[in-house]
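Consider the single chain below, provided in structure tokens and representing the form predicted on its own.
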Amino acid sequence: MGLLKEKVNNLNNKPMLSVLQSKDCDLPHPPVWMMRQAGRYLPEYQNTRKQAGGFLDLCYNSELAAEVTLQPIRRFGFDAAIIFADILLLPHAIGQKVWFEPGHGPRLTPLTTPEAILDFADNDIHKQLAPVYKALQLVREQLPNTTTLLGFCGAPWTVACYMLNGEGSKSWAEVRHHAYTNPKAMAQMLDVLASKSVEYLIEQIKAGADAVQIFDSWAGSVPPDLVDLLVIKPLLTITTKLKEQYPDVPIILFPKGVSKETLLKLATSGNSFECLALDEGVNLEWAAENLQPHKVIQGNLDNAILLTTPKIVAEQTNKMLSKIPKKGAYIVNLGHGVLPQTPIENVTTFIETVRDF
């Protein structure tokens, strides 16, 4: 009875969790949050970042990571808080050297082949990632009881891209060639990353995450012939294994840039996840008709709109909301992360427009 009572309370008190768990709830407005909502567009984040020093220092400082996670909740009252971390903490915890260069972004000592991950496969990740779990616990203690707490990880394909290339890329052709020359080894690497991701997400849930999101930021770089191998199978491996441990914890997938065919294939793949997050390139009317009967959908205001004016933000947000007739299975978000140069007043307008719709 205790677990049932807790679930009922969550549905009553947390709008976003209510949508994810019931898929057809009656709320006055859809829940809203933003990817990268804790970040450089906020002056309070900039001040906290100075205290931490480097970016990884901030990620591994539990108190400061909790603080920046809570900052946008205090300022805007989003319906979800996503823990402040980075998808590359996992390869770092596995044993790969990772660092961030100002003006360049992430750098890693690249693996020479996909098989090289086997040298790290048995490494324990949790000692390195313990500060993330502690930060989740700290946020959980301070978060309003109406706010859903999200954990997250990077998808195996996206993480593998960085591990093999050592830095960002415009096309990721440098990584895709492995899938053609040695698909068995590539699949093996993705399996290792999927297993480690499940371990990571389980500990995040234990630490207090109500739901989790898996970011496949570079899924759109994968051609149709490789989508099953590199995107769909690894994602569903994670969701299936996680559901075996936590069947009631909702999972959001964000396969950025993929085709309608891939989105539809994921949406109809079964019950191992609850929500598909959509980038700005997806037609929301199509998504409402074709994806929403199967999954909650999340998204997908173009983050460039938040660089305009409050008037345009309000117009475009209302336009987006009007495309979703079934609001009880919809979460409002951007099509990608909020940009550092975004004016704060535009974020305020975005939130107010959703709640006034």
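Only a predicted model underlies this, so the values are computations on that prediction, with no experimental measurement involved. From 1 onward, residues are counted along the sequence shown.
Omitted from view is the form predicted together with coproporphyrinogen III (CP3), to which the following refers.
Student: At 4.5 angstroms, heavy atoms only, are R40, I87 and S217 all close to coproporphyrinogen III (CP3) in the model of the complex?
Tutor: Checking in the model of the complex: R40, I87 and S217 are all within 4.5 Å of coproporphyrinogen III (CP3).
Student: If you check in the model of the complex, is Y45 within 4.5 Å of coproporphyrinogen III (CP3), heavy atoms only?
Tutor: Because a heavy atom of Y45 falls inside 4.5 Å of coproporphyrinogen III (CP3) in the model of the complex, the answer is yes.
Student: Tell me, yes or no, whether L291 is in contact with coproporphyrinogen III (CP3) in the model of the complex, where a contact means a heavy atom of each within 4.5 Å.
Tutor: Taking the distances in the model of the complex, the answer for L291 is no, it never comes within 4.5 Å of coproporphyrinogen III (CP3).
Student: I'd like to know if P106 sits close to coproporphyrinogen III (CP3) in the model of the complex, meaning any non-hydrogen atom pair within 4.5 angstroms.
Tutor: Yes.
Student: Given that the partner is absent here, does W286 sit within 4.5 Å of coproporphyrinogen III (CP3) in the model of the complex, heavy atoms only?
Tutor: Residue-level check for W286: no, no contact with coproporphyrinogen III (CP3).
Student: Of these, I305, M35, L64, L70, which has a heavy atom no more than 4.5 Å from coproporphyrinogen III (CP3) in the model of the complex?
Tutor: Filtering the options by heavy-atom distance leaves M35.
Student: Can you pick the stretch from 244 to 252, 87 to 95, 191 to 199, 137 to 145 whose heavy atoms fall within 4.5 Å of coproporphyrinogen III (CP3) in the model of the complex?
Tutor: Heavy atoms within 4.5 Å of coproporphyrinogen III (CP3) in the model of the complex occur in 87 to 95.
Student: Pull the contact list for 129 to 162: residues with a heavy atom within 4.5 Å of coproporphyrinogen III (CP3) in the model of the complex, in sequence order.
Tutor: Counting only heavy atoms within 4.5 Å of coproporphyrinogen III (CP3) in the model of the complex, the contacting residues of 129 to 162 are F152, Y162.
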